[in-house]
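Only one chain is given next, in structure tokens, and it is the form predicted on its own.
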Amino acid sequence: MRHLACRFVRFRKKADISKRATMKKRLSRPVTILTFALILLFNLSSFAQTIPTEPEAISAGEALFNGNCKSCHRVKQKLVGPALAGVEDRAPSVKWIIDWVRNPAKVIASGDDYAVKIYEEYNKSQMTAFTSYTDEQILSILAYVKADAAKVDQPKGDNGGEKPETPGVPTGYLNAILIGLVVILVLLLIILGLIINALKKYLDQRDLSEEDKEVVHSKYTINSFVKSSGFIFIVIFLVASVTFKNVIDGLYTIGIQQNYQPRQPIAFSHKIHAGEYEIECRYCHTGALKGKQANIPSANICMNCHSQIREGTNTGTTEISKIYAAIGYDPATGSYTGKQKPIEWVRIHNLPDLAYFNHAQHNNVGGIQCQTCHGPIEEMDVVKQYSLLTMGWCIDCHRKTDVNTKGNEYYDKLLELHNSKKSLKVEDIGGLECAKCHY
């Protein structure tokens, strides 16, 4: 009896174990399916984060790169940060690049080996976080970088072994033309003298009265010409005209500072920064897109680059050391001392207090480039006031500049009112109203 009871207990245990195994197997099916689905979803998301190749994406990426990345990065050259060509192959993944662009500090803090390596390689200089960028925007930047990296660089000045053509007339030709004109003028004077002598000989052979002979053989002197009433009148008229014109021009130039080019406390070269290194103007002059003033850049903006770049192209360490002194930075230790002093920049472009000008309105709405008013700033070692910046100069611009009316129903209605016009000028939308600039 005891034997039968033991066998029954064993049978029940086997049945329970079998039942639990069956239940576990059934329960594991949805877990396996869910796990597979998550893995598939992750793979699909990773597949979706591929670098696009469409021209539209490349064009959008170029605009973003030029506006935000170009101040620290180049595609094929190392600048403040590494060259970006081939970054998609060097980085762990495209998703890693997206996370890095959005929040590099977080990736470094996570202990990621590649992130820590970059951080240490560039002297613990941390990249700016672009938290507002979408995946599409970052991928479009990568698309532009990849497309630009694939281009074959043409050597500068290479024109099939020939010297590049320069526009305009060569200087040698101009000199030859001037010399030729001088020679022709001398020949004409010689010919004129020969003609006069020939006429005198001809008249001597004629039967002339004594009075006519006296006229023919009268001696012409410079003294007699200078004392003549006609010459005196011409001189007085020319002197009076030049004096009157200079007085009027002087009255018109009161308050005009065109070509004003003061010496600055730090020899900052726009030709190097905006020209050679192609740093966007608004990277330093941050207020141009936000408000009335373009703002003088703070020394902190300078330190974004010069915490790493410690020697200038033309001046070595002389001028950069002035930035360090102003902000209280010790380049030997890479730390801040706390001793600061302001940089006394000299303002170049001064409008009178009675005139209102808004940089953001002209940049964001009007789409006006900085060079329109400030001239070829990328070619200036020392900045000067390029334009007149007078009331007449502004009015002339408002009369000639077209308004971008695309996609704006309000402007479409205005064009209907101005049936005779194909496009609207700034003056047509109130650009010449006094209260627009004077208040």
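Since the structure is predicted, the reported quantities are computational estimates derived from the model, not experimental observations. Residue indices: 1-based, along the sequence shown. Take the two forms, find the largest set of C-alpha atoms that superpose within 1.5 Å, and that set is the rigid core.
Below: the form predicted together with a small molecule, not depicted.
Colleague: For the small molecule, considered in the predicted complex: do all three of M127, C373 and D402 come within 4.5 Å of it, counting heavy atoms only?
Modeller: So, yes: the whole triplet contacts the small molecule.
Colleague: Can you say which of 290 to 298, 188 to 196, 329 to 337, 201 to 209 gets within 4.5 Å of the small molecule in the predicted complex, counting heavy atoms only?
Modeller: Heavy atoms within 4.5 Å of the small molecule in the predicted complex occur in 290 to 298.
Colleague: Hey, in the predicted complex, does A60 get a heavy atom within 4.5 angstroms of the small molecule?
Modeller: It does not: once the small molecule is placed as it appears in the predicted complex, A60 has no heavy atom within 4.5 Å of it.
Colleague: Would you classify L414 as touching the small molecule in the predicted complex, given a 4.5 Å non-hydrogen atom cut-off?
Modeller: L414 lies outside the contact set for the small molecule.
Colleague: Residue-level question: is H270 within 4.5 Å of the small molecule in the predicted complex, judged on heavy atoms?
Modeller: Contact with the small molecule, yes.
Colleague: Is D112 close enough to touch the small molecule in the predicted complex, meaning at least one heavy atom pair within 4.5 Å?
Modeller: Contact with the small molecule, no.
Colleague: Select from the listed residues I177, I234, A355, I248 the one whose heavy atoms reach within 4.5 Å of the small molecule in the predicted complex.
Modeller: The residue from I177, I234, A355, I248 that makes the contact is A355.
Colleague: Between the options V346, A149, V242, A325, which residue brings a heavy atom to within 4.5 Å of the small molecule in the predicted complex?
Modeller: Among V346, A149, V242, A325, a heavy atom within 4.5 Å of the small molecule in the predicted complex occurs only for V346.
Colleague: Rigid core superposed, CA of E378 - does it shift 2 Å or more between the shown form and the other one?
Modeller: After core superposition, the displacement of the E378 C-alpha between the shown form and the other one stays below 2 Å, so no.
Colleague: Align on the rigid core first; then say whether the Cα of I343 has moved by at least 2 Å between the shown form and the other one.
Modeller: False for I343: its C-alpha shift is below 2 Å.
Colleague: For a quick test of reading the superposition: does M303 move by 2 Å or more at the CA between the shown form and the other one, rigid core aligned?
Modeller: Comparing forms between the shown form and the other one, the M303 CA shifts below 2 Å.
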